[in-house]
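Just one chain is shown here, as structure tokens, and it is the form predicted alone.
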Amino acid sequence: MELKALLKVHNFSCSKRYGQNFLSDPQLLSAIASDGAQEGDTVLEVGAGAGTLTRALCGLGAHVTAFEIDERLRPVLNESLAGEDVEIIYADVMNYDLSSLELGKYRVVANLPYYITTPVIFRFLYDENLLSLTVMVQKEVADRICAKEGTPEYGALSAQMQAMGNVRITRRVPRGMFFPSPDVDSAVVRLDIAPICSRELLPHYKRAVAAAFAMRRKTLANNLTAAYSITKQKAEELVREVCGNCSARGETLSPACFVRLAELLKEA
């Protein structure tokens, strides 16, 4: 059944509270599913919605566990996913004990509501069992995630995600492809986990990145002095060792430079 007709049959109206914007184009859904998974993969989907992307993932031969926070979608999903090999969990993924699922190595695929994009990403980003993260996000967020150092879009989100692996935009999705149509365009971002930072160093890396971007107008040395128990002189020495310029700002450091900075700060 066509998406709008299916929702109408079950008297379902999309909720702004949950940021519900659904996709229905079969070719686009198939392409997005292929961006994130392949046959035999274990996939965790965040936000099953009306089940259109879920069905496309099942069509690939993936083993899908999908979370849906909105209980009102239960009858819609019962119909749209009838006969599919999928487990639907009606719960908030942000508060769910994922270890109870025993997923093993898995991939995340999601059409994320804009209001919760970053929290959901960080819910999974540092999980040792995560193989890849493929998420539909607001276009501007996608651009920030993939931004290179030295550009206005580059920030803490860029540095943290890029430290965890290879990230790229796989496709852009205009707002008119959604129902109801949102006010912005979207893009699909895929992160393949291949950390440049050791698990042991990660807490130090995250702290260094947070300090660097705490006040963007200040130099990195000034931000480090405020965040750590070190003198301005020591901070400038560390920054000079990392990038050769003691007056550098945080947005000029690549993720690899932040790894080196974290190593130095750990020993400072």
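Fair warning: this is a prediction, and the values are worked out from it, not measured in the lab. Numbers follow the displayed sequence, beginning with 1.
Below: the form predicted in complex with ligand SAM, not depicted.
Asker: Wondering, does Phe67 line up within 4.5 Å of ligand SAM in the model of the complex on heavy atoms?
Answerer: Answer yes; at least one heavy atom of Phe67 falls within 4.5 Å of ligand SAM in the model of the complex.
Asker: Spell out, yes or no, whether the shortest heavy atom distance between Cys246 and ligand SAM in the model of the complex is within 4.5 Å.
Answerer: Looking in the model of the complex, residue contacts with ligand SAM do not include Cys246, since no heavy atom lies within 4.5 Å.
Asker: Counting only non-hydrogen atoms and a 4.5 angstroms cut-off, does Asn21 reach ligand SAM in the model of the complex?
Answerer: Although ligand SAM is absent here, Asn21 would touch it in the model of the complex, with heavy atoms inside 4.5 Å.
Asker: Could you tell me if Asn111 has a non-hydrogen atom within 4.5 Å of ligand SAM in the model of the complex?
Answerer: Asn111: yes, in contact with ligand SAM in the model of the complex.
Asker: Let me know the one among Cys146, Ile116, Cys197, Leu157 whose heavy atoms come within 4.5 Å of ligand SAM in the model of the complex, would you?
Answerer: Only one listed residue qualifies here, and that residue is Ile116.
Asker: Which pick from Val184, Ala91, Ile169, Leu98 sits with a heavy atom within 4.5 Å of ligand SAM in the model of the complex?
Answerer: That would be Ala91.
Asker: Can you pick the stretch from 160-168, 69-77, 186-194, 121-129 whose heavy atoms fall within 4.5 Å of ligand SAM in the model of the complex?
Answerer: In short, 69-77.
Asker: Would Glu45, Gly49 and Leu53 all count as contacting ligand SAM in the model of the complex, using a 4.5 Å heavy atom cut-off?
Answerer: Per the other structure, all of Glu45, Gly49 and Leu53 touch ligand SAM.
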